[in-house]
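To begin, one chain is listed below as structure tokens, in the form predicted on its own.
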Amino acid sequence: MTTIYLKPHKEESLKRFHPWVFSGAIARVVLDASHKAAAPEEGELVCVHSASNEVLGVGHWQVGSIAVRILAFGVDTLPADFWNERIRAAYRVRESIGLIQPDNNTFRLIHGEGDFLPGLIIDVYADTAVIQAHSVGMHVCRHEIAKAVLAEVPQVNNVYYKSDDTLPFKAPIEGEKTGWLITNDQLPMTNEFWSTENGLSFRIDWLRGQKTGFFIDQRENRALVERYAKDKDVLNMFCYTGGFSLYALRGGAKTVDSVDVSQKAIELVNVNVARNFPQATNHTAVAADAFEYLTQQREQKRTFDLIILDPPAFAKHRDAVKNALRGYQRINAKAIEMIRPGGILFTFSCSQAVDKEAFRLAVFSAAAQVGRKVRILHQLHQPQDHPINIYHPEGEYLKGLVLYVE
């Protein structure tokens, strides 16, 4: 195995179990004798040593500022049952917190660094697991990972791979980036897949949908919307496939308006509403740009009792944070203007580059701009199946506020 030697005193973060080795910390690379190239292949396993030759761990090599993502600390090779052990441990966590129930077969099984497998996401929908690789190393290991999932997760019979949008753009990728890795039922390539979340049915389109097909990370926050929705006129902006809308309808909302810029998403919203509430006449779905829609509704003097703002990431890297914060301020100001006195705003940011204090300041600025009195009722975050590795605080990405607007 290729050995990576760090510069003096650069091993401290690894000794605190932070799983990243930055390129600037590397002193030299000693290639395995079998190497033909002048550098490690992206995605291969390497062993990391300190400057004093102490073994620090094994991880995947990659090109970029993060040079190695550590899989196991204090060893110079991975055990033969490594993938099975990690997946078994992750599944045991989901069982222990009571997440896997007859009325809920939708959950995140592996959340990257939060489950000590950096670069890997696995979501489970009914009997199908969807794997998403964010590093070449995880792509290389996809077949081993799929077999481990099948062996360790009782409800899974099929494993789908969807990494065409998540792998490094310039990386030399061999093999499929999307498609079935394991299917016992020879399932067709269709989007007719249904999964259950807290008793509600959702069609999951992992073939063409965003992420792995659904935003599992809002499950607990959707349930909170259900508690507040009774007899309210609800507006769900950036609704995607209607998760918040369905919970609001079940909570007894008077009306629910679902808005998303994607016509395909709106079609799925209508399918999901029809499946769960076939007699509903109080739901409207509209394909429209969020900012334009809010401006139009404001001009028509429409108001709502409860508004949900769950936009896509406004900042995917640190250079975009300033513009993102302006975007959050602008969209929240428009929403606060349209809330009736005594109404509630659920507002979120899923931008990892935007910390919770900066997001809160943007929302505060929006409230001050509009001149409304606002109280914070809840401070929200990602759910239990999206755990944060205590040694890797960067894993905290979802933040939200529930506001009471006078």
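Everything numeric in this text was worked out from a predicted model, so none of it was measured. Residue numbers run from 1 along the displayed sequence.
If you look for the form predicted in complex with a small molecule, you will not find it shown, but the lines that follow are about it.
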> Among Leu150, Val261, Ala320, Val271, which has at least one heavy atom within 4.5 Å of the small molecule in the predicted complex?
Replying inline: Val261
> Which one of Gln329, Gln210, Asn105, Asn84 is close to the small molecule in the predicted complex, taking close to mean a heavy atom within 4.5 Å?
Replying inline: Gln210
> Does the small molecule get within 4.5 angstroms of any non-hydrogen atom of Phe215 in the predicted complex?
Replying inline: yes
>> Residue-level contact is defined here as any heavy atom of the residue lying within 4.5 Å of the small molecule in the predicted complex; does Asp289 satisfy this criterion?
In response: yes
> Tyr240 near the small molecule in the predicted complex, any heavy atom under 4.5 Å?
Replying inline: yes
> Can you check whether Pro168 is within 4.5 Å of the small molecule in the predicted complex, heavy atom basis?
Replying inline: no
> Which of these stretches, 113-121, 89-97, 281-289, 320-328, has heavy atoms within 4.5 Å of the small molecule in the predicted complex?
Replying inline: 281-289
